[in-house]
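A single chain, nothing else alongside it, follows as structure tokens in the form predicted alone.
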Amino acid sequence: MTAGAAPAPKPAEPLLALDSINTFYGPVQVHFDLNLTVGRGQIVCLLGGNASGKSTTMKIILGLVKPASGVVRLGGEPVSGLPTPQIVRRGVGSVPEARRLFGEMTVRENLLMGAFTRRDERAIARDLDRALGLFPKLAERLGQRAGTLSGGEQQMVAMARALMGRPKLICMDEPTMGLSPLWVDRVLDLIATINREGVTVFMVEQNASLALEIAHHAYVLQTGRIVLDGPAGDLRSDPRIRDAYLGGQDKT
């Protein structure tokens, strides 16, 4: 059973906003006037099936894909067109799909890679201790090669690595993909814990039932268009969500 996220008051200004985003891969349009916001202190979930444009949304936020039109704002300031390292320096962390660890490097080395834009060594050491406090299992694995860890342990490394950059916002792409049911619950609990520590979370996820348990707000993306959005609790009881994602059953 996953733990709920911390209550988040409706913010006067969003931390992240995507305004009228249109994206193409060659002649194929991926996004059609995409608009979404992530409030400061919230967990916001983007749901959708395969080829709906979810992962491309994440890549646009991180500066890995440039939209044809529209703007991405972080804290009210446009970041569209900035290179990824500059977006990271402005407070955006990433937990990519399939974790993308350096398998031949140790857990410690992978975690320190998350602080690659920083030069404050004492603060980095303190943040490493803090990350290990949140993920105590990793303290036992610091000298172990990351590629030898289980999938769930690797996901913890990816999340702790993102925290090492002191982000305001962490973007998570399918954080429960490929994990056992036990690890799915554990990872979602850790996401809620990170949020309670004051970090805003934007996550792309296919496990709608559990994602809506911890999220404050959710969007549903279909073929590049937002077709539903609202408080996560409302969407969880919406019959359109139940039919599409929850097997037609009310699992509240």
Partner chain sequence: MSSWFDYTLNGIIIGNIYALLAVGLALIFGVARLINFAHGSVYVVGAYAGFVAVTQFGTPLPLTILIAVAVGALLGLVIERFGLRPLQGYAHIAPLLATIGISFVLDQIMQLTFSPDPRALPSELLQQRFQVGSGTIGALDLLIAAIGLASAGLLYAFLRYTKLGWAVRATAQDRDAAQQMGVNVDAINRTVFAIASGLGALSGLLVGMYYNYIDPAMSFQATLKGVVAQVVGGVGNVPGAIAGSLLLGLVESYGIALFGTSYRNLFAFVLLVAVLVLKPNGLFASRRQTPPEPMTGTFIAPSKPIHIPYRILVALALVAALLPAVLPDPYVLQTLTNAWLYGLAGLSLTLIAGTVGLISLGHAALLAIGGYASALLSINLGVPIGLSILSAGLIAAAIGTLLVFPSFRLRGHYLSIATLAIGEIVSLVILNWESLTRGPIGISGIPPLSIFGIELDTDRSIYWFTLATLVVLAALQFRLLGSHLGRVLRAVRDDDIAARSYGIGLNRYKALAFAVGSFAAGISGGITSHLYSYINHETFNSQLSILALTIVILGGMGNVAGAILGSVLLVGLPEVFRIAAEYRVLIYGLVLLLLIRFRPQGLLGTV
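Numbering follows the first chain given and starts at 1. Small disclaimer: the values here were computed from a predicted structure and weren't measured.
This protein has a second form, the form predicted together with the partner chain, left out of what is shown; the following refers to that one.
Peer 1: Report yes if any heavy atom of G103 sits within 4.5 Å of a heavy atom of the partner chain in the predicted bound form; otherwise report no.
Peer 2: Yes, G103 is a contact residue.
Peer 1: Evaluate S180 for contact with the partner chain in the predicted bound form, applying a 4.5 angstroms cut-off between non-hydrogen atoms, and reply yes or no.
Peer 2: Heavy-atom contact with the partner chain at 4.5 Å: absent for S180.
Peer 1: Just to confirm, G114 within 4.5 Å of the partner chain in the predicted bound form by heavy atoms?
Peer 2: Judged by the heavy-atom cut-off of 4.5 Å, G114 is in contact with the partner chain in the predicted bound form.
Peer 1: Would P85 sit within 4.5 Å of the partner chain in the predicted bound form, counting heavy atoms only?
Peer 2: Although the partner chain is absent here, P85 would touch it in the predicted bound form, with heavy atoms inside 4.5 Å.
Peer 1: Counting only non-hydrogen atoms, which stretch in 57 to 65, 38 to 46, 183 to 191, 209 to 217 is within 4.5 Å of the partner chain in the predicted bound form?
Peer 2: So the stretch in question is 57 to 65.
Peer 1: Tell me whether R166, L169 and R196, taken together, all sit within 4.5 Å of the partner chain in the predicted bound form, counting heavy atoms only.
Peer 2: No, the candidate spot makes no contact with the partner chain.
Peer 1: Which of these residues, D129, E140, E121, E77, gets a heavy atom within 4.5 Å of the partner chain in the predicted bound form?
Peer 2: The residue in contact is E121.
Peer 1: Counting only heavy atoms, which residues in 145 to 170 are within 4.5 Å of the partner chain in the predicted bound form?
Peer 2: Heavy-atom contacts to the partner chain in the predicted bound form: R145, R161.
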